[in-house]
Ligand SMILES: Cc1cc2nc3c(=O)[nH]c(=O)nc-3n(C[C@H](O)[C@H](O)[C@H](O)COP(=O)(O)OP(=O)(O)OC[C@H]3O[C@@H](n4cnc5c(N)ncnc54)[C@H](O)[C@@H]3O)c2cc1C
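Below you'll find only one chain, the form predicted alone, shown as structure tokens.
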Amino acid sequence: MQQKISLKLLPSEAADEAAIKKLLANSSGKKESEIKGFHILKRSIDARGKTVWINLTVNAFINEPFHKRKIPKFHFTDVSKAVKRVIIIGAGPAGLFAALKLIEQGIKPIILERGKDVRARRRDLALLNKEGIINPDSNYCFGEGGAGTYSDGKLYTRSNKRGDIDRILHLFVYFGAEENILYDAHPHIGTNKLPQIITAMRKKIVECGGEFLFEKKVTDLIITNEKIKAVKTADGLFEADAYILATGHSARDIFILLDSKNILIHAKPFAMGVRIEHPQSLINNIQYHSNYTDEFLPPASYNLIDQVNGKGVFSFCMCPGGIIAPSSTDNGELVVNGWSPSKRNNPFANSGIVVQVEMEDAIKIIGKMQLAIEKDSPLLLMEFQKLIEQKAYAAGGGKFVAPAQRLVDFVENKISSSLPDCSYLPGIHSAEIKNILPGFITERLKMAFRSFGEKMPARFGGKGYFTNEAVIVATESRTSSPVRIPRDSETLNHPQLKNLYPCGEGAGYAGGIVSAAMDGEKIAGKLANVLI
């Protein structure tokens, strides 16, 4: 028989199959020889007390032959001669999973990606990190796989109402991800492994008769009778029955194009702040309530949130054992983000710490700067975002060197006379962050950092979260899209183009790899119902 059993284990026990079988036997009242195997269904870490525990829920095979975990079969058909064709603009998670869903429905996807494939993209990232030279169409945000490919690969989401999370995770396993993403509480693939998985997806799409075209930046929409007749690139026009827009949160040129075509878009609140980096050993000691020596525990993470003067201040995309990366998409603008390899074995831990930005916040700043943009413009928050990124670039001195400040110095309004080692490869430059970010952000950050220090105090003679061993780097500004593209019932009073289907982060309907993938599938499914 098979039995679901919950266990509480020490980290060393959770890493030992024999120890797990012994505990399963004790829990079920059986002999160890009767436990033929098990599947882990859920795995999480409980570090609330002095002893760190691993919680496991397993499916035990008792006196029954053990079978490997079943991975669902996916039926990708040959669509090379399909009558219906859909152009997908953008090859991030929303675009890729939309393409796979269309293939399952017998529809041919044609993906137009402005950037390069993952291998060629690596060379552009190296040039950016080492020499401060950026390719506006091939960087950490643009290229095969989108921002997620070289931006950590965290698969955790709370968006279970948006779609089938298990299906998305099983698809990742189908294309080469390890099975632990199916049961870990916070699944993570790693930036070093995601490129191979993305490449496998592309090969499957092409193998099934879909088309995958790189360096095809869409510059115009040819519209006739409230429908897109074709999309224009530097290489000419591309036509299809329908068009999925999956361009991500940083495709500002697309937002400008939509606005110029009188396609309804809205300014959407987003979050902005800094990326903070601590020694990973410091975070380990705080979170695990001990001098961190357990080889069976992963590098510790954290999740922080505080309310300051009516606005939320929270951690975003926390990367244990990670690296801070330059995520700009154009010259003269500085954006930072973080990522971790699969082993999370770098010596630093970094996280975005950000404050919610509303329309009224941007209006005040834009007004003071006397920029020529209307207060009700749907592009206002995008322009605000761009303005702060330009200030950060100038403060760093060029070549994507980032302005930085020690944490306590920032809170106490002191210039940092020196800076600690930092994982950010283009380099950091001492600057006062308060001169870059608006006052409503910096003041809330200062108060929140003190609060976070109380939540994560020093332990065993070490340092706490609030320490000058931590460095903050500006700016963390691409947490989500500053624009939303309404769809479905939202556009009743302003009909959108009949065959344009916006989705994913760029449309304002997702916030991460899994939610973007689910939204891409959702839109592809709706589109299939229309076309078939």
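Here the structure is a predicted model, which is why all the values come from computation and not from measurement. The first residue of the shown sequence is 1; numbering continues from there.
The same protein has a further form, the form predicted together with this ligand, not shown here; the description that follows concerns it.
The candidate spot formed by Gly90, Ser327 and Asn337 lies fully in contact with this ligand in the predicted complex, as each residue has a heavy atom within 4.5 Å of it.
Leu112 is the sole member of Ile198, Ile103, Leu112, Ile436 with a non-hydrogen atom within 4.5 Å of this ligand in the predicted complex. Screening Leu182, Val355, Val411, Val218 for any heavy atom within 4.5 Å of this ligand in the predicted complex leaves a single hit, Val218. The stretch among 260 to 268, 94 to 102, 281 to 289, 442 to 450 whose residues place heavy atoms within 4.5 Å of this ligand in the predicted complex is 94 to 102.
In the predicted complex, this ligand lies farther than 4.5 Å from every heavy atom of Ala524.
Using a 4.5 angstroms limit between non-hydrogen atoms, Cys317 touches this ligand in the predicted complex. When contacts are judged by a 4.5 Å heavy atom cut-off, Lys154 counts as touching this ligand in the predicted complex. In the predicted complex, at least one heavy atom of Tyr140 sits within 4.5 Å of a heavy atom of this ligand.
Shown here without this ligand, the chain has only Ile254 in 254 to 282 lying with a heavy atom within 4.5 Å of that partner in the predicted complex.
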